[in-house]
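First, one chain by itself in structure tokens, the form predicted on its own.
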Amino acid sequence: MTARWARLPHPEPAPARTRPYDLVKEFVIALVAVSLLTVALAAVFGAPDERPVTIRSWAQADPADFLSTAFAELDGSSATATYGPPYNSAADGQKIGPVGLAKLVGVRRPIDTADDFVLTPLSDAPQNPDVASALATYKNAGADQQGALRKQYADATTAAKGDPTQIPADTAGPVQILLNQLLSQAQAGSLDGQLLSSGGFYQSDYTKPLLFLNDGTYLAGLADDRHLSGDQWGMMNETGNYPGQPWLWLYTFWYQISPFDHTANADALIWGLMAVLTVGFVLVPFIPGVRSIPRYVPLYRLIWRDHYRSERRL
């Protein structure tokens, strides 16, 4: 039987309609069209990104905040100086319950704020005799004497109603001379390069300048003005009247509610919560009860209503 059917002639298939198609040509046309459209839209609307905030722009726009932050770095009271791992051992860092995640990682990026942000940039730059003498006096002083010199500057700042730019010249000791010179270097733009320098060929480590900027109030003020702070859903926002990243809503949502909106461990807790939610989402097909929800709540029939309607006709 099989051999008999095999000997029967097979009908030729009907010829299919064809037309020439140049894939490379289509790709080139699409690429050129999208490129021209991108350039045209960029020329009309511009980019949502603003100019980067630098140490120079900060020092020029708000010298009082720069001096106050530089003094906090020298005094060891800034946010970076008291942060803990991975920068120092001043605190335990972020935790999830009793587990100190940051402490487990350890100090991987050691930063001494007084040395890295103030003393080294001053030491590495050519200085006039007054600054060189003040630098030598401060570096050669003991811990107690350095504390007394910083207290002299702090008292002078208090007398100037909290504005270090209003301290009379040569009245607050060596610390005043050092910080005023650091301000001059920052306003000239050299401090950006000094903090960016990593000793390698590629200078792309922005850790120090970003930490220094973040320790002040200037950067945070700019973020608040542009609705980029954590309590403003800033993670999913964009500057200006541009749409942001709506897919980040779930992550930034947790920062708006208790207990995450008032705990120092918010980053670690939210990271842990999102990890649990992600694992749970992946395991939905294996969780009894949860995997049966589509069967009892048949929303899929609404989505595929055209398919089920055609089945009923058959």
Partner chain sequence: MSDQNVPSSVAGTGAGGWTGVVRRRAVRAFPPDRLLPDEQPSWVASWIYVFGVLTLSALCVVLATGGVLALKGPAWWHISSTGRYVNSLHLWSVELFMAFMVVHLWGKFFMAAWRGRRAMTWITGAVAFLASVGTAFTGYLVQQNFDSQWIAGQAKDGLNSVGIGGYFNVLDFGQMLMWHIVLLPLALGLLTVWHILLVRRRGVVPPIPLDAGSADEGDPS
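Positions refer to the first chain, counted from 1. Under this definition, the rigid core comprises the largest set of C-alpha atoms superposing within 1.5 Å between the forms. Keep in mind the model is a prediction, meaning the values are calculated, not measured.
Not on display, but discussed next: the form predicted in complex with the partner chain.
Student: Pick from 182-190, 96-104, 169-177, 140-148: which stretch has a heavy atom within 4.5 Å of the partner chain in the predicted bound form?
Tutor: Stretch with heavy atoms near the partner: 96-104.
Student: Check Leu250, Ile257 and His262: does every one of them have a heavy atom within 4.5 Å of the partner chain in the predicted bound form?
Tutor: Contact check failed for every one of Leu250, Ile257 and His262.
Student: Answer for Leu74 alone: is it within 4.5 Å of the partner chain in the predicted bound form, judged on heavy atom distances?
Tutor: Leu74: no contact with the partner chain in the predicted bound form.
Student: Does the partner chain come within 4.5 Å of any heavy atom of Gln127 in the predicted bound form?
Tutor: No, Gln127 is distant from the partner.
Student: For Tyr153, is any heavy atom within 4.5 Å of the partner chain in the predicted bound form, or not?
Tutor: Tyr153: no contact with the partner chain in the predicted bound form.
Student: Verify the contact flag for Pro243: yes if a non-hydrogen atom of it lies within 4.5 Å of a non-hydrogen atom of the partner chain in the predicted bound form, no if not.
Tutor: Taking the distances in the predicted bound form, the answer for Pro243 is yes, it comes within 4.5 Å of the partner chain.
Student: Looking at Leu219, Ala91, Ala114, Ala160, which has any heavy atom no more than 4.5 Å from the partner chain in the predicted bound form?
Tutor: Contact with the partner chain in the predicted bound form is made by Leu219 alone.
Student: So which of Ala81, Leu122, Leu195, Leu213 reaches within 4.5 angstroms of the partner chain in the predicted bound form, heavy atom to heavy atom?
Tutor: Selected residue: Leu213.
Student: Could you list which residues of 278-296 come within 4.5 Å of the partner chain in the predicted bound form, counting heavy atoms only?
Tutor: Read in sequence order, the residues that approach the partner chain (within 4.5 Å, in the predicted bound form) are Thr278, Phe281, Val282, Leu283, Val284, Pro285, Phe286, Pro288, Gly289, Val290, Arg291, Ser292, Ile293, Pro294, Arg295.
Student: 2 Å or more on the CA of Pro288 between this form and the one not shown, with the rigid core superposed, yes or no?
Tutor: The answer is yes, as the C-alpha of Pro288 shifts between this form and the one not shown by 2 Å or more after core alignment.
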